[in-house]
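For reference, the chain that follows is the form predicted alone, supplied as structure tokens.
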Amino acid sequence: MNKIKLAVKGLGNLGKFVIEFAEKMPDMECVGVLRRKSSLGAKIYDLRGVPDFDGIESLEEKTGNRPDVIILCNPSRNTPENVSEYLTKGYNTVDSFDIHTDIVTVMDKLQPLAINNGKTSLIGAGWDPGTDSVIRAYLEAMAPTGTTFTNFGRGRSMGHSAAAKAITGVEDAISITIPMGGGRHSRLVYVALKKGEDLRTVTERIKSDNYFSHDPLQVVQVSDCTELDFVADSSHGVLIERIGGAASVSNQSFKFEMRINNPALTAQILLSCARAAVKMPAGVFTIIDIPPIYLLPGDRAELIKRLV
């Protein structure tokens, strides 16, 4: 069996799990990690023996491997630019872009690149957006009329933490999502400030950021980055509830709940979507576009026999 060759861009909390979990996938092989030139050789343990390179051209030249899929494990705001670059160079991509309100716009911009280069991009392939999106779609299929509430947390949001850390004046940050019920959330952000920065000013900058502008926000300053270790737990979770019905039948009630390690679950979903990416036609898709069987390894008939 020819294994799917993967390249991983980034070696943060997400990238290291993708590399580790890829070792357990019977149909996958990680052939290289793409990083900044200044980071090459660092975090040797997290690389797990996978070579790192400062560009896709260097990876191919030195290994003789051309990746089938590039998995993007960098901050969401860099994703559209990165996807555009790799689609133009003729690579399939998978990412966990999590700015919900921008997804359709980003997909529309990337679609011509994917079609013209005959490649596939799966965007928002995490757990929300991602597998939670599939849950919401199935719940709506079962009860076409009604209301669905998605309640996140309590837990650390990778996307919001990265966004807070990128704010001018912030040395490091951790963002905690706190569910308020009815699909509403508040954000508790712990920040270590750069020298000379003022908490009130930095708080206003965070409040004006699109990641935080829609929810109640509390910003708490810590004395230095080491204090963030006490709130840097990777646990998260979700409770999705739908109450609805169809035609004259009402009072159909559904509930889906999970408690998870955030980057670990996201990494596993990225790998499953990388498997799907090589089976999909050219274009830009989300996870609700993917036939579920494309996400799984193994023979189609055996999967149907076991799961259906």
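Residues carry their position along the shown sequence, with the first being 1. These figures come from a predicted structure and were not determined experimentally.
This next part talks about the form predicted together with another copy of the chain, which is not shown.
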Quiz item: Is Pro75 close to another copy of the chain in the model of the complex, meaning a heavy atom pair under 4.5 Å apart or at it?
Solution: no
Quiz item: Does at least one non-hydrogen atom of Gly155 fall within 4.5 angstroms of another copy of the chain in the model of the complex?
Solution: no
Practice problem: Although another copy of the chain is absent from this view, report whether Thr286 comes within 4.5 Å of it in the model of the complex, heavy atoms only. | Solution: yes
Practice problem: Flag Gly182 as yes or no: does it have a non-hydrogen atom within 4.5 angstroms of any non-hydrogen atom of another copy of the chain in the model of the complex? | Solution: no
Quiz item: Pick from 78-86, 191-199, 160-168, 141-149: which stretch has a heavy atom within 4.5 Å of another copy of the chain in the model of the complex?
Solution: 141-149
Quiz item: Can all three of Glu20, Asp128 and Val134 be found with a heavy atom no more than 4.5 Å from another copy of the chain in the model of the complex?
Solution: yes
Quiz item: If you check Lys43, Arg66, Lys279, Lys255 against another copy of the chain in the model of the complex, which one has a heavy atom within 4.5 Å?
Solution: Lys255
Exercise. With another copy of the chain left out of view, choose which of Met107, Val222, Leu217, Leu113 has a non-hydrogen atom within 4.5 angstroms of it in the model of the complex.
Key: Met107
Quiz item: Hey, which residues along 246-270 are within 4.5 angstroms of another copy of the chain in the model of the complex, non-hydrogen atoms only?
Solution: Ala246, Ala247, Ser248, Val249, Asn251, Gln252, Ser253, Phe254, Lys255, Phe256, Glu257, Met258, Arg259, Ile260, Asn261, Ala264, Leu265, Gln268, Ile269
